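Take a look at this single chain in structure tokens; it is the form predicted alone.
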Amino acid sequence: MIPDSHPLAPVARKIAAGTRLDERDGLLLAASDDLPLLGWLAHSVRERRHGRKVFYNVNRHINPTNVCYVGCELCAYADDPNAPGTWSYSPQECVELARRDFIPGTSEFHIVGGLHPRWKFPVYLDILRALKQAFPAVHLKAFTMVEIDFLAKIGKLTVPETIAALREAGLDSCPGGGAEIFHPEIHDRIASKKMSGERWLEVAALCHEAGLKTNCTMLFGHVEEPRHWVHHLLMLRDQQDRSGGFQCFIPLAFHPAGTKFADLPGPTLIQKLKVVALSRLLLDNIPHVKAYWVMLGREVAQLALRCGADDLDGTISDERITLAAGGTAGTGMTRDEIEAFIRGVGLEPVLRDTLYNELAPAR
């Protein structure tokens, strides 16, 4: 029992009753230093939803290009087309990359990249078609809301027309990156040239209306404050009430190396676990919260499974975006490693596909 004198006692009672939390509750949670209580409350909600299950899949990341004209302040990944070390893979090269690390049971290709100033819309369609032809059983989770908006512009199409063309070429769902922090006073500092939070949500809604499932994200641990977390999460929750297509929320821990914020330390352990817990408690209408081990770090991701997260992403090979910003978590885990990782905190690994259909029990 939580003493009535505890500042979070009223919020804890609402959580126990399954009552939706409001902005004031979120601000109290975000300001609290009682991480054990926050983690316990979030884990209780996660257990109510998913029991002891922790989901993962067998997937591979494909980044067709790191060339990008935007130049976001927070990004260490994108480069000028003429800079050394850039790449722009043809559709067939994307297939060869996918085949290089393909293992039996791979169910998803996660495809994101830069906004290439010289590529035309058909290039992106051809990448999807080539991958789908070579790997017809693999789910193509491709292109963030930022990329889809960009593709609509270069293709001189509406966003719904763009989505329809991508789906015809093989698109099955969309990842959730590019949301950053929605609040304009932070967004304008870290991603001043990128689409606004409102536009990001508009494009997500159009994906949902077309029947596409997407994920959603928040980048934290840079120049924002806890109140900005709450604002961002409640905007996602409101959008989910309207369009209902977000299936997983991924808190993305900022990696400052190589960015214009390289002098910042990045998020602390406490911040990482607090954001995971806060996400689970506020996002009552989004089924899953991911402990994305590549950005959180393996040990922190393992702790996050006891602070509200129920998903680990997947085996992941050749992830380059976090690596470019100094990420050291590694670029792949085997199924055995992931399952041992989950069992290490007393939980049950469950192999899933991208849409969270359970594929196999733990081995």
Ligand code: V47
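Sequential numbering from 1, following the sequence displayed. Model, not experiment: these values are computed from the prediction.
Keep in mind the form predicted together with this ligand is missing from the figure; the text below concerns it.
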property: Among 87 to 95, 226 to 234, 272 to 280, 244 to 252, the region lying within 4.5 Å of this ligand in the predicted bound form by heavy atom distance; result: 244 to 252
property: Residue contact check: Y124 to this ligand in the predicted bound form, 4.5 Å heavy atom; result: no
property: Contact of T162 with this ligand in the predicted bound form (heavy atom, 4.5 Å); result: no
property: L74: touches this ligand in the predicted bound form, heavy atom cutoff 4.5 angstroms; result: yes
property: is_contact(F143, this ligand) in the predicted bound form, heavy atom dist at most 4.5 Å; result: no
property: Heavy atom within 4.5 Å of this ligand in the predicted bound form - the one residue of G221, G197, G178, G170 that qualifies; result: G178
property: The unique member of M295, L38, A304, V54 whose heavy atoms fall within 4.5 Å of this ligand in the predicted bound form; result: M295
property: N215, T259 and K290 each touching this ligand in the predicted bound form (heavy atom, 4.5 Å); result: yes
